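In the block that follows, a single chain appears as C-alpha cells, in the form predicted alone.
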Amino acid sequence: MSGRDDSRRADGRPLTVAVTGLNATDNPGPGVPVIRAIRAACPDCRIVGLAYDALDPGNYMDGIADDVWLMPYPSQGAGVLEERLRAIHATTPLDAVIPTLDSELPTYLKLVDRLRDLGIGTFLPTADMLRLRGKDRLDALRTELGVSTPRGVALTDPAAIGKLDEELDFPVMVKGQFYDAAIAYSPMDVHAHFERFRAKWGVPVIVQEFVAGEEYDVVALGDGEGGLVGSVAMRKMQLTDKGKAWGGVTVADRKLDAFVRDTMAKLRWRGPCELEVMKASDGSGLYLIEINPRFPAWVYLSVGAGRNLPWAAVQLALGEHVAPMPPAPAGVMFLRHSFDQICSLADYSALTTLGELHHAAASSPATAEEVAR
C-alpha cells in the first residue's frame, strides 16, 4: 500500500470496492479470490459483492462481502446496469468496481466515463483491446502485431473444413468462440467438433495449429501503455473434469517472463488478464494460445507469491501510481478445496426478495443450530 492510510477516504469513510463474480462452484468465478486478495492488503476496506444469483456461495461466506446486491444480467444492457449501480452508490458510495467475468466487460466498458463522473474508478481494457483478444483474432495478433501465436483459421461454414489441410497440419485444436476445446485428428473430427461448438456457442469456430508441449498460465496486470505492472506464472498440477485448475505451482522462467513482457507491450494491455502460454516440446519457442481479459479464479496465488495484483488493480482504478513488480518466485503452491457453507435462510430470503444483503448490520453470524431452527 502507499504511505497514507488506504483503508480510509478523505471524508473518513472506509475505502469501498465492489467486486463481481461471487459464484464458487467447481467452475468458480474470480470474485471471491479477488476479494480475499483485496482484504489481505486492506483489511478495513468495505467490500460490496455484486452477485447474479442468490445462491452464489460468495454471498454468504464469512469475511468476504460486507454487502451483497443482486445485479441484472449483462444481456439486459448498459442502461439497466447503470441504474442499478447508481442505486447502490446512493446507499453505499463506491470508490472502485472490479468486474471479474468476461460477459460483463462489454457492458461495463460502455459505462466507464459515467462511473468516473460518479467517482467510481475502474481499470479495464478498452473495447478495441477486448476485440483483439477474441479467439478468432489470435492469428491476426501474429500477423499484425508480431505476437507469437499458433496459426489458426476462423470457420463459419463447415464446407471450408475440407480445405483445412492446405493451411494446417493435423492434429489441430478446435475451439468454441467462448469456451470449450478439443483435439481433432482428421477433417471428420473437425466436422463433429464444429457442429457441437456451433450449436453451443455459435460461429465462428476456431481451428488452430496444435502445439505439443507444456502449458503455463500467467496472471498479469498491464498499465495500458505497454508496461507490465506485475505477473505470476504457474503450472497446473490438478484439474477438474472441466479442465479448470484445482491446484498449481508458481514457476520462474526468464524466457517466459520476457515473453509475457513482450506480449503485453505489443498488446498495450490495460488492466488484468490471464495469458495461456504453450512451451513447445520441439524447442520452437513459446506460443500465446489464449487471452482471458480478467483475473483468473486462481488469482489468490499472486498474494501467496508476494505480488498482490488485485490490490494493485484497485490502486490503479483509484488513480494511484503502482511501481512495476519484480518476477514472482518459484515454488509457491495453491490447492483448492470445497466445504459446506452454512448460512441463514433469512439471509437468502433477504437477497431474493429485497435484492440486497448487509452482513455488517447483523449482530453475529447464525450458528448451525439457529439455521436448523
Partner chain sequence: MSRQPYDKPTILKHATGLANKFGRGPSRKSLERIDGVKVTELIERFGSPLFVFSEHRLRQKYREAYRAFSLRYPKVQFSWSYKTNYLDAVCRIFHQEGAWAEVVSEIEYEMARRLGIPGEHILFNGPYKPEPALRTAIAEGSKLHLDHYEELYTVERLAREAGRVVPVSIRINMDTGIHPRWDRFGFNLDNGEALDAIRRLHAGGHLVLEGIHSHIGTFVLDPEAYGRAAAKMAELALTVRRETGMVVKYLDVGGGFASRSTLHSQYAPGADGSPPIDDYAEAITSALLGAGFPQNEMPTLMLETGRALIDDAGFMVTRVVGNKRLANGTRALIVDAGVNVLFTSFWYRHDVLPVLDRGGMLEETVIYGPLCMNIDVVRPSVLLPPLEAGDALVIRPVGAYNLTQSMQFIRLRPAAILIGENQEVDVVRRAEVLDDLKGPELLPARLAP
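Residue numbers count along the first chain shown, from 1. Take the two forms, find the largest set of C-alpha atoms that superpose within 1.5 Å, and that set is the rigid core. Treat the numbers as computed from the prediction; the structure is a model and nothing was measured.
Omitted from view is the form predicted in complex with the partner chain, to which the following refers.
Residues 80, 84 and 203 are all found to lie within 4.5 Å of the partner chain in the model of the complex, as judged by heavy atom distances.
Listed stretches are 72-80, 93-101, 264-272, 231-239; the contact stretch with the partner chain in the model of the complex is 72-80, by a heavy atom cutoff of 4.5 Å. With the partner omitted here, the residue from 196, 116, 244, 110 that has a non-hydrogen atom within 4.5 angstroms of the partner chain in the model of the complex is 110. The contact with the partner chain in the model of the complex, taken as any heavy atom within 4.5 Å, belongs to 351 out of 351, 15, 24, 18.
Taking non-hydrogen atoms only, residue 156 approaches the partner chain to within 4.5 angstroms in the model of the complex. Residues of 291-318 that come within 4.5 Å of the partner chain in the model of the complex, judged by any heavy atom, do not exist; none qualify. Relative to the superposed core, residue 161 shifts its CA atom by 2 Å or more between this form and the one not shown.
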